[in-house]
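The chain that follows stands alone, in the form predicted on its own, written as structure tokens.
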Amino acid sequence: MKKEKLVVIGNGMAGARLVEELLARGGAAHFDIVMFGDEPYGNYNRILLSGVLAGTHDPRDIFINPLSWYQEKGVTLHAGVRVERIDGRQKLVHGAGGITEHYDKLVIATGSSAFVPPLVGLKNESGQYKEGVFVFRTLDDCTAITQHAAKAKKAVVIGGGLLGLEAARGLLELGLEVHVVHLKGHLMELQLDAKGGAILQRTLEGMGLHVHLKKNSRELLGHERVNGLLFDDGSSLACDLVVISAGIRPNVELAREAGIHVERGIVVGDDLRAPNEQDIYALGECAQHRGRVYGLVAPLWEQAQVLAERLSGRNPQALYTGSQVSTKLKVMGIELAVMGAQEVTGEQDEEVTYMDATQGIYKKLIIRDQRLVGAILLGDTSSAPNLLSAFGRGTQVPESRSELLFPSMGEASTPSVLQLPDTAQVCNCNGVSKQNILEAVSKGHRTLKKLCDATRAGTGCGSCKKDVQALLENAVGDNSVEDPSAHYYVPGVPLAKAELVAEIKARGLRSVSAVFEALADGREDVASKTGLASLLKTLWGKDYEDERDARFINDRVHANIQRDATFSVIPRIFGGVTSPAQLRQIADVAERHNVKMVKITGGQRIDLLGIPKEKLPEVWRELGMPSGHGYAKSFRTCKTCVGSEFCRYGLGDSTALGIAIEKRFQGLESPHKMKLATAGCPRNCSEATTKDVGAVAIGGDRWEIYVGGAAGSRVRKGDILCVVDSHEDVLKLMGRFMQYYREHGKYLERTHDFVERVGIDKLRRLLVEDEEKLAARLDADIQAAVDAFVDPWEEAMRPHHPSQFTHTLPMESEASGSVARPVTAEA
């Protein structure tokens, strides 16, 4: 059968989801699929952009499908190519750069754009937005805002809707004074009523946000760059950054110019086809169905499923009849669930409310004919599963309304997912029902990962994963299947650590990209890069081929990123012993750079907090001290007590030993961070018995060596590995244990878990009794790693890359012809 050509205009959440759904239904057998996307990237989760702006998400983490996915699936993606014209008569789509594609079927999924009100002074003389003025819709918008925020102090967000508040949250996290200006009388009027909006405002103001309601923005002040905002009432607000988030508008011009019927959106019927257009469909935010344009993700998913059913031929009669609007989300970290009507519409409606303004909680139900037709839950969404079920199924609600708002007050508590009907929706992000999940289990998806991959449940916000797990366990009972991927060292390379190490050594693989090429069929996996980089550095030392894009941001700039996107700088203070001159030097640097906070750490060091990325090299140079590796998965520090030199109880020179340990092992790469300590007597003032590795003097020049201690989220006294008679033996046995842990620990496995997994008796036999004759080799390998150490702060003088300490997204477009691929730049 000759394939038809399907062209999809739009690579956003609706267009890409349609293609996924179509491929899942065997659509590749019917169509050659071609896509156009304005942005030079793969498909990403736009819902998480606020996290990118706030610095809580790395841009790479929000991609749903990287560019390689399209190649793997045989889909031609014209990334970074804007469609300029549709020729419906000739069935042609014309894109920028002279790219033309013929179609048999055409799907328009062009989404929406930020609505920009007609402000005076919006643009400069060259017709561009004034410097400091942005919209907030794309990854590139995030980049531009973040770069400008680094030199701004006061920001205004025009628009108090969901996206505007999320932008405000990001700017707050970047350390700016943030004002939200909203035209309406309360925030988020599309989701909340006035009472709910007032409670939300009170909560947000408590977080430091400034809210201005009933303000109509008239003019942006400033010549080339914005320096203020003027309102209709004559008042003004000074600022040096403005984000416009005043709503969205469907992107319909392309369809309108092609003669397709457009009202507010592209008009479609229940078959999602444009009227009078035999082969043209539309879905997503650009489509108007039964007079309604949806802006939430769940209806988009439902439309994609229906259209995929029709196009694939699985169910050519499938119809989309509209969506019940309900959603659970977080607004600046505050939980919110909304569904259906906000207000009563007549005497037949009953309103039930509960409000606790001091706790930021507001609950409201609209009940009609004993059925739930609307609800708002702000600040506490614990009853959302019940309400969503009642709303979706239209079931009769209890006589006691309080049981709806507070399920525990009723005879029965909130039903578990096992008690919900099969039609109940479990994953709101992706519209996955309990029945979908159970069907996937019956088809053999019997591990959590496979089940989530197959259904997409749990792949959005992830809050439903526990329910998916419960359904899986209940369905498979004793027939559970072990997930081999649970033993992979990293998710993207299907090998356990021992096998992976053997292959890397046998093939001489010295870079992350070489491992992907040789052991993962050339498929790069972002989530695997950091773990592989750590392993390769452990295995090859100075011969490791460093690819900076494989590292986490902390390792790329050798500092610990903070919530406000600045960094903490911790210079190494060996053994916690410093001098007046060194303290003066640190104080001078802190004063010169207006360091926000100077903090004594639990590891006896000094942390300078609030350093901008571009200032890091200058701070390091002025400190003149080596890195304390306060950011890395490596040896961190060795805490000491004053020991026998000053303490009247001291039995051993723990200070000198701690300094020697820290000088020898500083920066040593490991599966997770390692914190060490030495104690001059069993009183254990430096808490050496609860460190990853510790040494305690017990008299007669003898030292007990402890391994696998912990005093963080978990508290565990370490196990005694052995007792030795000198500082030299402490260094040797500690090093031997650390090398074995480096070789056999799972990535991100702390020593306390490692020791329990391997067993202290086995460790003693291997490392102390040398039962398998490993000791000499382990000693030699740890010495090689010590010899390969280079202080990373030397890059203050010789940056690894010119843009290493500048603010850029870790990707840049590289559109060439019709295809672009993501490039991870230095950061």
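Residue numbers run from 1 along the displayed sequence. If you're wondering where the values come from, they're calculated on a predicted model, not measured in any experiment.
A second form of this protein, the form predicted in complex with a small molecule, is not displayed here; the remarks below concern that form.
*Asks:* Only one of Arg60, Arg46, Arg764, His30 comes within 4.5 Å of the small molecule in the predicted complex by heavy atoms, so just point that one out.
*Replies:* If I apply the 4.5 Å criterion carefully, the residue I get is Arg46.
*Asks:* Using a 4.5 Å heavy atom cut-off, which residue among Ile260, Cys239, Val83, Val595 comes into contact with the small molecule in the predicted complex?
*Replies:* Answer to the contact question: Val83.
*Asks:* Picking from 289-297, 202-210, 309-317, 120-128, which part of the chain touches the small molecule in the predicted complex when contact means heavy atoms within 4.5 Å?
*Replies:* Answer to the contact question: 289-297.
*Asks:* So, in the predicted complex, is Leu163 in contact with the small molecule at a 4.5 angstroms heavy atom limit?
*Replies:* So Leu163 counts as contacting the small molecule.
*Asks:* I'd like to know whether Leu254 contacts the small molecule in the predicted complex, with contact meaning heavy atoms within 4.5 angstroms.
*Replies:* Close contact exists here: in the predicted complex, Leu254 approaches the small molecule to within 4.5 Å, heavy atoms only.
*Asks:* Taking heavy atoms only, is Ser112 within 4.5 angstroms of the small molecule in the predicted complex?
*Replies:* Yes, contact at 4.5 Å.
*Asks:* Heavy atoms within 4.5 Å of the small molecule in the predicted complex: does Lys615 have any?
*Replies:* Judged by the heavy-atom cut-off of 4.5 Å, Lys615 is well away from the small molecule in the predicted complex.
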